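The chain below stands alone and is given in structure tokens; this is the form predicted on its own.
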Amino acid sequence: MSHHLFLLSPSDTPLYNLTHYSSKPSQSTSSPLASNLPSWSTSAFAGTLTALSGASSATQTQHGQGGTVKIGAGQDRHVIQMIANASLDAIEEVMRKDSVMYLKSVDKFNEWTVSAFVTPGNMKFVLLHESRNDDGIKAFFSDVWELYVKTMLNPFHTAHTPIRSAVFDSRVRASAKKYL
């Protein structure tokens, strides 16, 4: 199960992104396209299924009797970015209606759910995930926000520029491992 985090400036410029692969068991590991097809078609047309699902063709696993199909180790980076960018309109719409920072699930694309967190300075934290874990995601966003504020307090970091701090990256990864 993977999670993709994007930190976006108020002008929607990406400042940081992270892909985290969780070792926690996922609810469903099958591709939504594969679940609707008979087993013979998923083995015969694995490349087509991979292309349609947007998955990377690096790793393909076929299934045996009664098993599930898992094709691709993860989504292609460009598809993930497209989903995150497409959800920005939905985030803006929810921001106008509600004045809360944690926006929960604002959009859904196939198996990906998009959750968002908007800071008082209009920074957007966008998380793509496959399973529901509202409490863990909210705690993760709070930790990332605290780390972001500490980074902004650094006199050597310019606001609204890409974050390249190894310490920031390692702490965000530790928080992702803890909560996601």
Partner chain sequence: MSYAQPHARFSVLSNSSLSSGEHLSPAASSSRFSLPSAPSINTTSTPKPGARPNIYDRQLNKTRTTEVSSAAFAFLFSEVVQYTQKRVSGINDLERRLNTLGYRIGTRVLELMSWRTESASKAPKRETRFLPALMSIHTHVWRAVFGKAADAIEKSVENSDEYMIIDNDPPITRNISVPRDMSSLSCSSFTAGIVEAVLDGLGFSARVTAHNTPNDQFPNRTTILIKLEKSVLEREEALKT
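Residue numbers count along the first chain shown, from 1. What you see is a predicted model, and the numbers here were worked out from it, not measured in a lab.
The discussion below concerns the form predicted together with the partner chain, not included here.
Contact annotation: Ile137 falls outside 4.5 Å of the partner chain in the predicted bound form, judged by heavy atom distances. The closest non-hydrogen atom of Lys150 lies within 4.5 Å of the partner chain in the predicted bound form. With a 4.5 Å cutoff on heavy atoms, Asn122 counts as touching the partner chain in the predicted bound form.
Contact check for Glu130: no non-hydrogen atom falls within 4.5 Å of the partner chain in the predicted bound form. Using a 4.5 Å cut-off on any heavy atom, the residues of 161-175 that reach the partner chain in the predicted bound form are, in sequence order, Arg164, Ser165, Ala166, Val167, Phe168, Ser170, Arg171.
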